[in-house]
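Given next, in C-alpha cells, is a single chain: the form predicted on its own.
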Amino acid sequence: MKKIFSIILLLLLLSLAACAHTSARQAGRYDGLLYEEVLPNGLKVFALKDPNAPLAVFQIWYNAGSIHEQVGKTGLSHLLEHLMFKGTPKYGPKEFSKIISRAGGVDNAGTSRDYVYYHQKLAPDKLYLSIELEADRMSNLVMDPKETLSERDVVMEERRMRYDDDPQNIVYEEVMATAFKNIPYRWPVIGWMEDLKRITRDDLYKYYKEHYAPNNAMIIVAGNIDVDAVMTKIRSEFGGIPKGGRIENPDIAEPEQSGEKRLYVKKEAELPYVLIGYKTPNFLNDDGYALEVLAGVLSGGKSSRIYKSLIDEKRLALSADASYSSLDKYPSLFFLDAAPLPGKSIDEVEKALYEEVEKIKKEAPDEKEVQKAKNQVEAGFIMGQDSIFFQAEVVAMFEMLGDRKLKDKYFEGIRKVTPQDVQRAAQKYLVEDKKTVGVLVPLKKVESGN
C-alpha cells in the first residue's frame, strides 16, 4: 500500500512539474501572420511571416537606452553597442560582421534614448546564423580592458566630430539639457565628454550584465520564414540563458516649467542659428496626435507655412523648420528652428517663427492643410510597409513603447485630428512658459600658424 502511494505521489509531482514548465513558457499565439511567444526566461519573441519577402530579418532590442543610465555615467549604452562587436570566446573581434557578410547578409545596430537594437538581413535559410551569434553575445561578451579603452577613444572622437565640432548640434544638446530638469532626455545618447573620459571597463561590464538579459530583450524575425523551425532554433539557443534582474524604466516626471529659458552658445560658425523647444507630451496623451499634425502644417514641405513665409516670401532664412515626434517613452519637445540668410538677424527669424505659430493660435488651419499633414504622417509609415525590415521595426518599436497594438491607436489618433485640435494644441503647448530658446552666436574662425 505504501509503495502504491509513493508511485501515485511521484506521478503527481511529475505532473505538477510539467504544469509548472508549461505555465512558465507563455503559449505562443498567432495574430494574423504575426506569431508571439514568451520563453520561460522572459525573452519575448515575435515572428512575422511574409511569403513574398525576398529576405529575412533578425532584430534584437534591449531596454538599454540612454534613459537607463545615471548622472556621471552617461554614454554607457552607446559605448556598449560598439563593444558588442568585439567578440566572445567562440567568435573573435569583428567576427560577427564577417560571418554575416560571408553569408551574403548585412548587419548594424543603433542606440536611442529609449532602447538599443541590433539587426541583420539575410537569406531566410541563413537566419540560424543570427540566432546563434546573438545568443552567444548576449551572455558571453569579452571585454578586454585594452580593447575597451581603445573603443572608448573611438567614441570620444565620434563625439568630437559629430557634436563638439557641429555648432547646431551643440545648441540642440544645450536646449535639451536646459529644458529638462529631471527626465533623462537631458543628456545626449552619446554621453557627455567628461563622463566618457571616466567610464571604465568595470562600469561597462556591470551595465552589460545587468541589461543584456533575456527578460530585458525582445526578438523579432520576419520574412519568408518557417516559423516553427525558427522558433525551435531560438528556444534552443536562447532558452538556456538565465533570466536577469528586472529592469524598470525610470519612474520619473518633469517639474512644471514656470517661464521661458534662454541660453547662448558661442562657437566658430558662419551663421547664427536659433532653436526653440516647447515641452510637449508623447503619443500616450491624445494631444500628441494634434502636435504631429501641427508640425506638418508648419513645416511639411515647400508649400508649408514656415517655408513659404520665411524662405520664399520674406527671404529671411537660409533654413527654417518645425519638428516633433510623439514616439518617445517620455514627454519631449516640439521644435522650431531657423538660420538667417546673411544680412538678416537672428531676432528677425525668431520673430517670424513666432508669427506663424500665432496665426494658427488665432485661426485654425483649413481642412486641406490638416489633411495634407495627416497624409504625410501616415504615408511615412505606409510607404515603408513594402520593406520587411521596416514592418519588423514598427512592431518592435511600438512594443518597446508599451504594446505593439499601440500602432493602431496611433494611426487612429492621427486620422481623428481636426483643424480645431491643431489650433488648441498650439494654444496649449507653444507658449512662453513651456519654451526654451537656444541661440548660436557665431565666432570668427581663428587662423592657426600666423
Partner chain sequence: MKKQKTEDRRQKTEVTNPVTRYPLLVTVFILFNVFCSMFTDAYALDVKRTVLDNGLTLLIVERHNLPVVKVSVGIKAGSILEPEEKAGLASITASLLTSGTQKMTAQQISEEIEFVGGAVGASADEDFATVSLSVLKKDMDLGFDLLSDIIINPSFPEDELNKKRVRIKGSLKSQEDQPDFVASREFRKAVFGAHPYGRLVQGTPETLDAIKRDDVVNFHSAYYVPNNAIMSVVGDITPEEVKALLKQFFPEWHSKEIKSASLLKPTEVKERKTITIDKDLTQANIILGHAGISRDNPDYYAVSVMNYILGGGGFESRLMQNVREEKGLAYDIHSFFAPNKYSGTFQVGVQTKNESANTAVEEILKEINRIRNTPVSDTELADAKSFLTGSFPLRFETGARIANFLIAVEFYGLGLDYIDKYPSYINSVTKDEVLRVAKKYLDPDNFVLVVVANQEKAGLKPEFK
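Numbering follows the first chain given and starts at 1. The model shown is predicted, which means the values in this text are computed figures rather than measured ones.
Only in words, not in the display: the form predicted together with the partner chain, which the text now covers.
J.: With the distance limit set at 4.5 angstroms and only heavy atoms considered, check whether Ile199, Asn249 and Ser258 all reach the partner chain in the predicted complex.
T.: Checked in the predicted complex: no contact with the partner chain for any of the three.
J.: Please identify, from 232-240, 211-219, 280-288, 144-152, the stretch that has a heavy atom within 4.5 Å of the partner chain in the predicted complex.
T.: It is 144-152 that comes within 4.5 Å of the partner.
J.: Contact with the partner chain in the predicted complex for Glu393, defined as at least one heavy atom pair within 4.5 Å: yes or no?
T.: Glu393 belongs to the contact set for the partner chain.
J.: I'd like to check something about Gly110: if you look in the predicted complex, is any of its heavy atoms closer than or equal to 4.5 Å to a heavy atom of the partner chain?
T.: Although the partner chain is absent here, Gly110 would touch it in the predicted complex, with heavy atoms inside 4.5 Å.
J.: Considering only heavy atoms, tell me if Ile311 and the partner chain come within 4.5 Å of each other in the predicted complex.
T.: Yes - in the predicted complex, heavy atoms of Ile311 and the partner chain come within 4.5 Å of each other.
J.: Classify Glu132 as contacting or not contacting the partner chain in the predicted complex by the rule of any non-hydrogen atom within 4.5 angstroms, answering yes or no.
T.: No, Glu132 sits far enough from the partner chain in the predicted complex that none of its heavy atoms falls within 4.5 Å.
J.: Which residue, Asn140, Asn182, Gln376, Thr178, is the contact with the partner chain in the predicted complex, using a 4.5 Å heavy atom cutoff?
T.: The residue from Asn140, Asn182, Gln376, Thr178 that makes the contact is Gln376.
J.: Which residue among Asp228, Glu363, Glu268, Glu194 has a heavy atom within 4.5 angstroms of the partner chain in the predicted complex?
T.: Checked against the cut-off, the match is Glu268.
J.: Which residues in 42-76 have a heavy atom within 4.5 Å of the partner chain in the predicted complex?
T.: Going through 42-76 in order - heavy atoms within 4.5 Å of the partner chain in the predicted complex - the hits are Asn52, Pro54, Leu55, Trp61.
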